[in-house]
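Next up: a single chain in structure tokens, the form predicted alone.
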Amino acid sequence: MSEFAPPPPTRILMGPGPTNVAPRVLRAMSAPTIGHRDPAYFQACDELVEHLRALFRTKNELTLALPATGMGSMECCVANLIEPGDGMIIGNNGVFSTRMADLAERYGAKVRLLKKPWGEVFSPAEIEGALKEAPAKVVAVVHGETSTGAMQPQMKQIADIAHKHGALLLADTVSSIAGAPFEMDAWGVDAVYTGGQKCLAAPPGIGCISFSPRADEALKNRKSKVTSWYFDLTMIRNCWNKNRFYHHTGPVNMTWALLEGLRMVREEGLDARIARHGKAAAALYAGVEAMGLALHVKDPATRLPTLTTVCVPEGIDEAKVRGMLLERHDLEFGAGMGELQGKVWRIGLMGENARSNNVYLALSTLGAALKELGAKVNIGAGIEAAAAKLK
């Protein structure tokens, strides 16, 4: 038998997620485990649903949590909306929209990809052009693309266009919810999913979804059973309503964790939390550029405030820099993925980490590592520029 693994080190998680979990959430997670049929658990689930509706800014009846990661939540939405042969248009501009296409094809969708360079976003006209070419049951976009740091604007206009052509709009908000504006009902988004491990500052392993009445009607009118038994919302929804149907063993302690994270969002105020993320991001952008580095997403209006992609200077080994930060400062940055592998660092300011001290930490440690490796950076200018945004 090999040696036991050591206890996990204490890290500052400023990558693409998970992020550092709030101490209150950790304490809630360590509460006594009770049965998933216990009245106290049902009461917690009812409260959690109300918080989720406030989070997504929706009144949707079909709103609940899942024992799944963000990818599991993505699969749940696709599995329930798609039947074999259904058309699906996916805005493809990063890793997670690429994964969605792979996933949808496994459920029998006829997928059409709208492709853009990684870091760019889609115009409503491009979505409408694709729908005019051929109809689709679902249009899917990633609101906050974790792999590129781009955020899709004009969601309401895209939803309006989808509805005009008889399609549903599905949105990935895993990296954006509670860190950037999102208005499910006001924008007309039909299905949304997220995970607890980013701006909600909860541990990974629990996801959240919401379906509009339009999406719910499509679910009820399916001609075939949902292909995935585990993610079949026609059964799972009855775990969360007065029927208290038994479908799976509820993730009891993860439910307490997510509930506490959502309580913290409600206490801070969703608008205030979003503003805090935006302020931290603006300071990071200013500091990075003043230091002499470039941001991958060029248009400030389409930058995701929770996840920033910083271009690696020519001649610098990005993995060596990340290794230096982890070894010396217990600080984690994310590497580039897919087309951006080796080309960017992904710096996350999410949840508890979207604060001024972490902006200064990111700039100073990254600048020092780059200077040691021979890059020309102005750390002082970066700190001053960030400070001006944090006043």
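Source: prediction; values computed, not measured. Start at 1 with the first residue shown and count on from there.
The form predicted in complex with a further copy of the same chain exists for this protein as well; it is not shown, and the discussion that follows is about that form.
Only one of P204, P124, P313, G292 comes within 4.5 Å of a further copy of the same chain in the model of the complex through a heavy atom, and that residue is P204. Of the residues L64, L340, M29, L325, just one reaches a further copy of the same chain in the model of the complex with a heavy atom at 4.5 Å or closer; this is M29.
Interface membership of L13, defined by any non-hydrogen atom within 4.5 Å of a further copy of the same chain in the model of the complex, is confirmed. Although the partner is absent here, E183 is not a contact residue: none of its heavy atoms lies within 4.5 angstroms of a further copy of the same chain in the model of the complex. Taking non-hydrogen atoms only, N238 never approaches a further copy of the same chain to within 4.5 angstroms in the model of the complex. Although the partner is absent here, R263 sits close enough that one of its heavy atoms falls within 4.5 Å of a further copy of the same chain in the model of the complex. Just one listed stretch, out of 224 to 232, 116 to 124, 299 to 307, 158 to 166, contacts a further copy of the same chain in the model of the complex at the 4.5 Å heavy atom level, and that stretch is 224 to 232.
Contacts with a further copy of the same chain in the model of the complex, taken as any heavy atom within 4.5 Å, map within 22 to 52 to L26, M29, S30, A31, P32, T33, I34, G35, H36, D38, P39, A40, Q43, A44, E47, E50, H51.
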